[in-house]
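Just the one chain here, the form predicted alone, laid out as C-alpha cells.
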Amino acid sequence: MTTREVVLRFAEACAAGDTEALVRVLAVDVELVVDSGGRVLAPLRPIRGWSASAERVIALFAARPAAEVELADVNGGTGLVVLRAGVTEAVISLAVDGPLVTAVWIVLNPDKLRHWNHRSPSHG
C-alpha cells in the first residue's frame, strides 16, 4: 500500500465521520498533535493511541460540517487540506509506515493557515 493510499483511507474515514474506519488506518501508538495557536479550541497536549486520536480527529471534522478534504503536498509529503466555503480551516500532515499512520499533525492556527488561503490553485 502506498503512502497516498493510506492518506486517502485516512481522508475517507474522516470525511465519513467513521471512527472505526479511522482506527483501522492508525497505528496502535499513533500520536496526534494539534497546533491551534491558542486561537481555536483544540487539545493542548499530544494525544497518544489510536482510539483517543481517532475520536479527537473525528470530533475536529464534526465541528466543520460541509468541509471538503483535498490531498495536498504538505511539508514535502502527501497530506490533507480541509476547506470550508473555499477557506482553509486545517492542514494535516501524516507520518505513514506501511499501511498505518504513525503520527498526525493538524494545524488549525489561523496565522499559520494564512498562506494556504492565498495560494494559487496550481500549488499544493
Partner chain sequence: MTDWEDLEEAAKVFAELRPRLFGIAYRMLASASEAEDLVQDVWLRWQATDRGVVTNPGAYLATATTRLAINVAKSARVRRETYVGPWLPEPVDTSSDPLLGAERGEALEFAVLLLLERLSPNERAAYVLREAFDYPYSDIAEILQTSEPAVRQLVSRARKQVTGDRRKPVSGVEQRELLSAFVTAARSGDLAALEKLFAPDVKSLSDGGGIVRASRIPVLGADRVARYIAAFKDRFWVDVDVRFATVNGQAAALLRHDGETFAVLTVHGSAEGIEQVLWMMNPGKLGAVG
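Positions refer to the first chain, counted from 1. Every value quoted in this text rests on a predicted model; they were computed, and no experiment measured them.
Keep in mind the form predicted in complex with the partner chain is missing from the figure; the text below concerns it.
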By the heavy atom within 4.5 Å rule, which residue out of Val87, Val28, Leu41, Ala59 makes contact with the partner chain in the model of the complex? Val28
Using heavy atoms only and a 4.5 Å cut-off, decide whether all three of Gly37, Gly76 and Val91 touch the partner chain in the model of the complex. yes
My question is simply whether Val23 lines the interface with the partner chain in the model of the complex - judged by any non-hydrogen atom within 4.5 Å. yes
Flag Arg9 as yes or no: does it have a non-hydrogen atom within 4.5 angstroms of any non-hydrogen atom of the partner chain in the model of the complex? no
Using a 4.5 angstroms cut-off on non-hydrogen atoms, would Ala13 count as touching the partner chain in the model of the complex? no
Please tell me whether any heavy atom belonging to Val33 falls inside 4.5 Å of a heavy atom of the partner chain, as the geometry stands in the model of the complex. yes
What residues in 37-67 sit within 4.5 Å of the partner chain in the model of the complex, counting heavy atoms only? Gly37, Gly38, Pro43, Leu44, Arg45, Pro46, Arg48, Gly49, Trp50
